[in-house]
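This document opens with one chain alone, in structure tokens, the form predicted on its own.
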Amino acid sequence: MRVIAIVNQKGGCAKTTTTVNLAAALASDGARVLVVDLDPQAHATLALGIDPDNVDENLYEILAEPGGGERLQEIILEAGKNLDLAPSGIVLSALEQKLASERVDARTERLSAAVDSLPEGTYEYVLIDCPPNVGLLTFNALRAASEVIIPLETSRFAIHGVDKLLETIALLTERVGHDLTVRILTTLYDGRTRFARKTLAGIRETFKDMCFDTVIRVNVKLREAAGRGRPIASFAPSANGAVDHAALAVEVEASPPVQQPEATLAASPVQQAAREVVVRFRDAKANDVRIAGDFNGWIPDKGVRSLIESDGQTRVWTKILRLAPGTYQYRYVVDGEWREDPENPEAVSSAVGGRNSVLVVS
């Protein structure tokens, strides 16, 4: 069973649209799919034609009580052929306060335990629609999932906030040893505009192999389908939105989950020539410094060993990378802000704004 969380802390990037229509496309291909609506706004529930106000129990009852996850099957509703739903409701927004006194690991394991309670073979895919923030509900989704899809719309603020999300994913991996395969999906794409084409190029330049080949085009039929409480595949099967999500489903099915490589060198034919490379960042005021680049999928400190020392009044962050010969682009993430390496004069412009420092390993 593949558990996939659809996550982005930014609203309006088509998380729910992706969740519902990818689920329906997978179901149309014959897979048994469960949609878990983890957003208190219950948009996925509504998009599948179910009124959350008419549901007796939703995910709150399952996640709020110890051992409640064993009852997950009791709240699951049929939403279509091969397609089921674990519904949400506004009461789910009270979960964080309800669990405030519990240990962190106990709070974030609730959904994982619930999904694990499903009988083996019940579903081939579980798709989790997350709220537009990185709070307790999203942490539950990341802990339950083995894969993450991040929808990115082709707008001026497409990549704004994604650095924090990738940092959260890296932190989860580091603290609980839970690896996640991360993929980027471009959404709301209007190929008629030069700006959208340029933004798409920038997204692909930044995230490279993390990007799906499929692009979800702007399509008014997607909004109309959601308003009618139906997936696009049944509402308008010939519309661009249906075609694009069908292509996405094929791509998901064709690419079984693999763990993110510790660095891009993991797939390099010259991996045996990899060596340790040391870079340092000095700052008297910084509290947290991480490094991200095309060598680790732009996930801050993924696959990086770090040392923190003091050089008089200045703190020194030493980053130890293991890289094969080649040219790499990178930036530091300093207290959540992306920066060039101030000690490296070699840099190139990024298509998504700012400049990336360049590291050449010979």
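The first residue of the sequence shown is number 1, and the count goes up from there. Please read these numbers as outputs of a predicted model, since none were measured by experiment.
Although not depicted, the form predicted together with a small molecule is the subject of the following passage.
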property	result
Proximity of Pro342 to the small molecule in the predicted complex, heavy atoms at 4.5 Å	no
Heavy atom of Leu72 within 4.5 Å of the small molecule in the predicted complex	no
Partner proximity in the predicted complex: Asn82 to the small molecule, non-hydrogen atom cutoff 4.5 Å	no
is_contact(Cys13, the small molecule) in the predicted complex, heavy atom dist at most 4.5 Å	yes
Three-residue site Thr138, Leu142 and Ala145 fully in contact with the small molecule in the predicted complex at 4.5 Å by heavy atom	no
The small molecule in the predicted complex: contacting segment from 117-125, 281-289, 210-218, 229-237, heavy atom within 4.5 Å	210-218
Contact residue in the predicted complex, chosen from Ile76, Leu95, Val134, Leu188 - any heavy atom within 4.5 Å of the small molecule	Leu188
Option touching the small molecule, based on a heavy atom within 4.5 Å in the predicted complex, out of Ile184, Leu111, Leu222, Ile169	Leu222
